[in-house]
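Next up: a single chain in structure tokens, the form predicted alone.
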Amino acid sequence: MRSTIINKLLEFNKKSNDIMFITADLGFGAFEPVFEAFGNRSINVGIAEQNMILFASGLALNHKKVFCYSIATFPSLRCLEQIRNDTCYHNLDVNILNVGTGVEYGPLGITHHSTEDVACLRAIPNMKVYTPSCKEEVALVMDEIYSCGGPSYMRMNKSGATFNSPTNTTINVVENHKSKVAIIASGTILQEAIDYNSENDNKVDIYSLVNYFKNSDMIANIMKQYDTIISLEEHQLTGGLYSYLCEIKNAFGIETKIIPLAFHNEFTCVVGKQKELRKHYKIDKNKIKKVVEKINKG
């Protein structure tokens, strides 16, 4: 997913000299092609994420399209005031790209576990929140960001899930087995749903939700097709995917039952690799299996 970001930035750079790339002392060993191609339009502000957002907002006021990059918790939670007051209030073209969402940086502990960012950022007016699950969705989102103005936030990991090429920046069908149960996943944790289906006979339909701000009617029409939907996210229960689906359910009068798999509003005090933490906090393929078995038993 990160390599897709780099390739897209290089592509945009050939189209416009108004593209800026700002990093907060991160990206070394990966973004060198961007640093070289952008020249003095690529800036390292140091370990100063709040200044990065302020600086980016100033550049956007001067008609620049700005991409900021850092590890997920730093350009989101650390910079909320700057994002709200300086970027979103003025509806500026500042686009935050991050890596390490959820518990990808699991061994580094709570300071690097990004499990509240969607809830915080989608509550801010004008902010567009994207949660692509694979490199193909990242490419689609980057093209959309390039063609649109205003602030955006893209949540991703270094690498993503693997499935057939998607076509939409709202929600994509990953697997369709004509089941009465569907999983709607947000982000790369989608791979847990794919792995569940590959290992079990009681297969479910799978969708990848990419954004939290448009085409809610498209999502509603999908939800209406199922008796039960399992929401799967590497995020706190409150304010993320489950909350969003419940909002749509209420707005469109949908009777479908929604079962959440998420962090239950707790700090992720356990450290370990991403797969280990997903298993520990019961948001993995094993928990999906238990939930599907319980649904089928009635």
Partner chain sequence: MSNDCLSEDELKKLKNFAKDIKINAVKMTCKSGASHIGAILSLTDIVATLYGKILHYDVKNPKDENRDIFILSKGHAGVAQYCALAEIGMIEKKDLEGYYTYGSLLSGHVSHKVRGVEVSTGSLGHGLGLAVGIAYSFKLDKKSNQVYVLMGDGECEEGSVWEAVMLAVQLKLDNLHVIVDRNSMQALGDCKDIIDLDNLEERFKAFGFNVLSCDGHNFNELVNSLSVLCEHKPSVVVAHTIKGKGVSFMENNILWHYRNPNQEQAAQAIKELEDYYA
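Positions refer to the first chain, counted from 1. Computed from a prediction, not measured in an experiment: that's the story for all the values here.
What follows is about the form predicted in complex with its partner chain, which we do not show.
Relative to its partner chain in the predicted complex, residues Gln225, Phe252 and Lys257 are all farther than 4.5 Å at every heavy atom. Although the partner is absent here, Asn85 is a contact residue: one of its heavy atoms lies within 4.5 angstroms of its partner chain in the predicted complex. In the predicted complex, at least one heavy atom of Glu49 sits within 4.5 Å of its partner chain. Among heavy atoms of Lys214, none comes within 4.5 Å of its partner chain in the predicted complex. At a distance threshold of 4.5 angstroms between non-hydrogen atoms, His90 is in contact with its partner chain in the predicted complex. Heavy atoms within 4.5 Å of its partner chain in the predicted complex belong, among the stretches 267 to 275, 240 to 248, 35 to 43, 225 to 233, to residues of 35 to 43. Residues from 59 to 74 that approach its partner chain in the predicted complex with a non-hydrogen atom closer than or equal to 4.5 Å are Leu59, Leu61, Asn62, Lys64, in the order they occur in the chain.
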